[in-house]
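Only one chain is included here, represented as structure tokens and corresponding to the form predicted alone.
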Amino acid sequence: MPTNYDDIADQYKEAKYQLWRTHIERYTILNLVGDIANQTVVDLACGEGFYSRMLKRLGAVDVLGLDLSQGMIDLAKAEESREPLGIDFQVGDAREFQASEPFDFVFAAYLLNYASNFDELTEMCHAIFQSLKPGGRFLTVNNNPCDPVANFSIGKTYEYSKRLEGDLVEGAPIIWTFILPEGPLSITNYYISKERLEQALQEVGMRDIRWHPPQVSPEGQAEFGEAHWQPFLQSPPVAFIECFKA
């Protein structure tokens, strides 16, 4: 059953600050984003605007954040009111997004893993392609389809868990549970293989697909040591993907 983010918006915002997400997810994304000074950016599935605000602070000239959840967008607009950066936040379905003007850069944290079948995935990829200028770049982080089910239990070290419902077939639910101070938070992703992800991107016109390994921040290495992060790095639960509009 799809996750209703209106009901869990505050908890999901809190989950962004788990240590692995700070020292691996955010650090890796920062390195992959690179120089976006004066670029126009859309953040699809922006949630409460965590990465939208990061992208703006990195120098993007215009940032639009889009999310299906009104609750998430309410949080994003509240933060924008507290500390204005000039970001436009809108409620909308990424599969149906039609940009009035194409963007230099499309970002999406945990969007593609909400596609429960190949048709939904293709709709997302088509919207991404249509949103980009020629030569524009797409960067995303998602559930890693190459993470073996036998490895799901390693997440307990990092205060999360993954659980497969049923057999590992296209569209099978993968339940992420984040262990938070106020209690566990569960969300549903769906399994789509690496081959099908690449196929969908290629069919809509994206090229030069790159899968990037996660990196650990120097602060994370210093605080916890290399051995702490090795199980995560050996078979990462998340995947970082970059590609370009031909």
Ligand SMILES: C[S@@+](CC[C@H](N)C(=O)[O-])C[C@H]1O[C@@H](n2cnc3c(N)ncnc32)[C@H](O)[C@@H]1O
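What you are looking at is a predicted structure, and each value in this text was computed from that prediction instead of being measured. The numbering used is simple: start at 1 and walk along the sequence shown.
Only in words, not in the display: the form predicted together with the ligand, which the text now covers.
Only one of E159, E165, D88, D93 comes within 4.5 Å of the ligand in the predicted complex through a heavy atom, and that residue is D93. By the criterion of a heavy atom within 4.5 Å, C125 is excluded from the residues contacting the ligand in the predicted complex. Although the partner is absent here, S69 sits close enough that one of its heavy atoms falls within 4.5 Å of the ligand in the predicted complex. For F105, no non-hydrogen atom is located within 4.5 Å of the ligand in the predicted complex, even though that partner is not displayed.
Within 4.5 Å of any heavy atom of the ligand in the predicted complex lies no heavy atom of Y27. The partner is not drawn, yet in the predicted complex one stretch among 128-136, 75-83, 106-114, 148-156 has residues with heavy atoms inside 4.5 Å of the ligand: 106-114. Counting a residue when any of its non-hydrogen atoms is within 4.5 Å of the ligand in the predicted complex, the hits in 5-20 run Y5, Y12, K16.
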